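Okay, so here's just one chain, in structure tokens, the form predicted on its own.
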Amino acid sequence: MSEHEDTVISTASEPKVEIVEETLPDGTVVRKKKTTRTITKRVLTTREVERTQLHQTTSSTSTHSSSQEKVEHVEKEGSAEVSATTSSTEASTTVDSEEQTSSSATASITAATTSSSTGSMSSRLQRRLDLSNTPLYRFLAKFPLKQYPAPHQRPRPVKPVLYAFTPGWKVAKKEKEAASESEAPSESETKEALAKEEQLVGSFDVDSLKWMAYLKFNKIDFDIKPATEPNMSPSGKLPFLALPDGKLITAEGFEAFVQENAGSDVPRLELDEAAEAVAFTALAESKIHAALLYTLWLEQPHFQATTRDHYFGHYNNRLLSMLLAYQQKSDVVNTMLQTRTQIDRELIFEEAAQAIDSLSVQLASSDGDYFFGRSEPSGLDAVVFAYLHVILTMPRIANAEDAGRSSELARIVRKHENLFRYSQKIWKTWFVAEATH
């Protein structure tokens, strides 16, 4: 070996073993055995190698699992048969191989353990859920449950059904007078008489009567079912329509339903007439409606004698009907205060009288029997008729406390003969005449 040649000496440290745990996405825990060691390389000149070989012997130890391999270096002058590159590569390969083998073995053991525990848990759970052999199960098996058909199924309607407050003021009064008579008719005669009377009446409620008239004017066939509980409606307010397909029509969808199902021969208003109809409808539903609410709910004699009994008299508990009536009265007051700063009776009735005057003038300017000179009634006729009929048929309160205050709104309407005849004509043509056919 020449003086300029260098020798590389590699020294390997003791192997260091580490256990690394890794959790796979499926929940399996894999334990890997990682073995590491440090290889130190040293470059010696020829003279340094000769001195070192006189006192030391270079050795390299490699551990793989439980076996050990010992490599002895032969001392030769000027040469050392040790390849640093080869030793490093072999050590790295040994470590990777050992690590892979350890990981595979650990993964297999963990997966087997998990599968075994899951299977045993499933079998235990299945044994707990299997109650067929328990005494309680055998006892209950002697009494099997059976499903019987309903004794009565309500037939589906074949046409729309209007649930509304019925009947009107006069029919309700006749029923009370007939109930107080000592010689009452037979049950069959009573049912037949009430059935005929119900066909001739509308409703004491403005909204219910308005819907009835509007459906009749548009030639939509429907049935009427008496209703007294507003909570049966999806909107919490009567009236509402129940269609044969199960859909329920409330106030929000009523106009659209009528327009879609109106008869083909029902005339439509012109554009200018429709605009005027909207204005007069708003006039009636604001000014006349406020006076009607005041008469029904805030005139105390009328409230106690008629309003409370008609809206809440169907409750057997007198105290409950009184509480609900006063609650509704409070709601009416809050509704009226939404459009005015205070409830002034004189101002309310003055505005109602002006609105009634305007309707009378508009009707007088029409050549026909209905508004705008039409031969057939429109939506405006349904609104105006509903208010006029309820006001004109309202029972009179004959006591000193009332002093005719409850009849003031009816007196205002009766001053206009054309409105009175107009209301009577619609009632006889569209309600009485249709019921007698």
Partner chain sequence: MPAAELYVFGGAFGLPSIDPQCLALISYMSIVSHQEYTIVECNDTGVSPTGELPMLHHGKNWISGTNRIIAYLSKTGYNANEHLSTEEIAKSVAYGSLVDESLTDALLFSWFAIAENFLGATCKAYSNLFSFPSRYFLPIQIRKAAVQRVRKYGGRVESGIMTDTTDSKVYALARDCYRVLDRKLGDNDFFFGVRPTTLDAKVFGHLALQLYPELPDPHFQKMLQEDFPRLVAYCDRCREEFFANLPDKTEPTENSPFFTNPFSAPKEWFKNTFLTAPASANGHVNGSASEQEKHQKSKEERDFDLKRIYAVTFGTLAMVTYVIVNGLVVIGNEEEEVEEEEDHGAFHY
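The model shown is predicted, which means the values in this text are computed figures rather than measured ones. Numbering follows the first chain given and starts at 1.
Beyond what is shown, the protein has a form predicted in complex with its partner chain; the following relates to that form.
Trainee: Just checking whether T134 would be counted as a contact of its partner chain in the model of the complex - the rule being heavy atoms within 4.5 angstroms.
Mentor: No, T134 is distant from the partner.
Trainee: Taking its partner chain as it sits in the model of the complex, is L283 near enough to touch it, meaning that at least one heavy atom pair lies within 4.5 angstroms?
Mentor: Yes, contact at 4.5 Å.
Trainee: Do D331 and its partner chain share at least one heavy atom pair within 4.5 Å in the model of the complex?
Mentor: D331: no, not in contact with its partner chain in the model of the complex.
Trainee: Can any non-hydrogen atom of Q354 be found within 4.5 angstroms of its partner chain in the model of the complex?
Mentor: Contact check for Q354: yes, within 4.5 Å of its partner chain in the model of the complex.
Trainee: Quick check on this chain: which one of Q342, Q153, Q147, N317 has a heavy atom within 4.5 Å of its partner chain in the model of the complex?
Mentor: Result of the distance check: Q342.
Trainee: Among the candidate residues D245, E260, E252, D265, which is the single one with a non-hydrogen atom no more than 4.5 Å from its partner chain in the model of the complex?
Mentor: The residue from D245, E260, E252, D265 that makes the contact is E252.
Trainee: To test your reading of this chain, name the stretch in 134 to 142, 158 to 166, 217 to 225, 267 to 275 whose heavy atoms come within 4.5 Å of its partner chain in the model of the complex.
Mentor: So the stretch in question is 267 to 275.
Trainee: Please tell me whether the candidate spot formed by A279, E346 and V361 is one where all three residues come within 4.5 Å of its partner chain in the model of the complex (heavy atoms).
Mentor: Answer is yes for this spot.
Trainee: Using a 4.5 Å cut-off on heavy atoms, what residues in 223 to 241 are near its partner chain in the model of the complex?
Mentor: Heavy-atom contacts to its partner chain in the model of the complex: nothing from 223 to 241.
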